[in-house]
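In the block that follows, a single chain appears as structure tokens, in the form predicted alone.
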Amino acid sequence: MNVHEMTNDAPVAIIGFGAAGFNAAIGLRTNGYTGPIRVFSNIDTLPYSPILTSYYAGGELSYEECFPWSQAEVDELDLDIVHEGPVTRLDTDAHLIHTEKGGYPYSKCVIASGSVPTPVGFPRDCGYDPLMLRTMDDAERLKDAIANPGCTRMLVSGTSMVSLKTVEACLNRNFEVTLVGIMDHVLDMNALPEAAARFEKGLAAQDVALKLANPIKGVEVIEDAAHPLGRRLEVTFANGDVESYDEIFVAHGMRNNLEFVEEDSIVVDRGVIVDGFMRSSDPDVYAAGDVVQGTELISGDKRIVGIWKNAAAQGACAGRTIAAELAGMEPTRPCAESLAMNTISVRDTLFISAGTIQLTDNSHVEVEDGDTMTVVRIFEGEGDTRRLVGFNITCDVDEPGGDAYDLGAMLTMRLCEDCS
């Protein structure tokens, strides 16, 4: 195998070129590192935001608007970008990163390889490849499906943020949409039942058919010459119902990209375990973004909090930590502890959350129902030890700068103060 440039001045390597990877490069350059940076990217485009792909697929954003950084900004960082497909192996003993075409030495390495959607639970032997959403290629496929005049009935499986934005994209095309999930409510990872129930009413008002706690059990591709697509998808649900759809979108969770990490080379649980400076158990390997179990603000535990803001902050921290260490100094500014925060709207129905919804024996839930808004606050402790640890807001009106957004900002500030 060819080994590239085995010298004593090996580059700092970044595996992945999303929010975490790009901000790691920025962190290196803005903190005085002038040496070589080699980025391993399995995309041929500029770095883009996976968050925005659903907006592109739904026609709310142009292709160009999915890319937060320009070519000029990438060029200014003076990066050696390797486009040789996915990294196949990280050899921490030899300080080599392997692709299918060779091995590349590194002095320090940032793992920022992100995550991919998984169709776990979908019947994979049915002969149909479901629509999913993460990459721009995924977005193009979903966009084409939605734009096809022969497609008018969509089944969306999964009740996450990505699923709900796909529902909105279909509604904007006047589709018949059914939302199916394994749990009793939508947003099961982010919302308590009281907030989720109000969101569900907003979906029902838009004629979204809800099949909750009634997952897909089988899919059969039926050849149908009379159908504009030449086939239809016959879906059997857990309760025995059988219905036909034109396409199926699946969002059943994410899997992080760590297959190239050799067993026992660094400490990995569900993700790479890092300290406050994004350092792994190997002194020359760092990690940021969806692959990281960093310190979570509310619990103090090591958890994956896979949101754009955290990925950017963690990448920047890894970069400035490496810059300090290569300059012979100790890093002094750790990354802020991760906080889960989410905002989503489906047409006029808005949901905002932050913190945790994991209830313990010490938790207290307060629900406030108003004419247009449901607010759920989660507290822990009593008296002087009482602290806000999470909240949900569901509002029937999505008004930029409105009461729901103001309340969300205020509660997020209090949450950070109570838990810091």
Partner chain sequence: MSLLESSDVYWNFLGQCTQCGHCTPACESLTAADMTLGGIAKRLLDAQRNASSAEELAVELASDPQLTQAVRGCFFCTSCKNTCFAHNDVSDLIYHARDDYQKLGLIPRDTYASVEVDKEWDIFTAYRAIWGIDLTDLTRHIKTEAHDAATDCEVAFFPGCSLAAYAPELTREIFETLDELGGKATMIDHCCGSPLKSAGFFDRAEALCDRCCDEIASSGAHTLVCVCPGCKNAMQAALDSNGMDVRAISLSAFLLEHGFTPKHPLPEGSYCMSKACQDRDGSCLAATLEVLGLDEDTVEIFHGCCGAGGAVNSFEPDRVDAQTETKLSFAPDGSTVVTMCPTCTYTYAFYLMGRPRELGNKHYAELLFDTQIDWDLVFAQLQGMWTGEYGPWLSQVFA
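Positions refer to the first chain, counted from 1. Treat the numbers as computed from the prediction; the structure is a model and nothing was measured.
The same protein also exists as the form predicted in complex with its partner chain; that form is not shown, yet it is the one meant from here on.
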item: Heavy atom within 4.5 Å of its partner chain in the model of the complex - residue from A225, I222, A72, V120; value: A72
item: Interface segment, criterion being heavy atoms within 4.5 Å of its partner chain in the model of the complex, picked from 268-276, 340-348, 185-193, 322-330; value: 340-348
item: Site check D125, D282 and E296: each within 4.5 Å of its partner chain in the model of the complex by heavy atom; value: no
item: Non-hydrogen atom contact G381 with its partner chain in the model of the complex at 4.5 angstroms; value: no
item: Touches its partner chain in the model of the complex: K201 (any heavy atom, 4.5 Å); value: no
item: Its partner chain contact in the model of the complex: D406, any heavy atom under 4.5 Å; value: yes
item: Contact flag, D396 vs its partner chain in the model of the complex, heavy atom cut 4.5 Å; value: no
item: Sequence-ordered list of residues in 295-325 near its partner chain in the model of the complex, where near means a heavy atom within 4.5 Å; value: W308, K309, A312
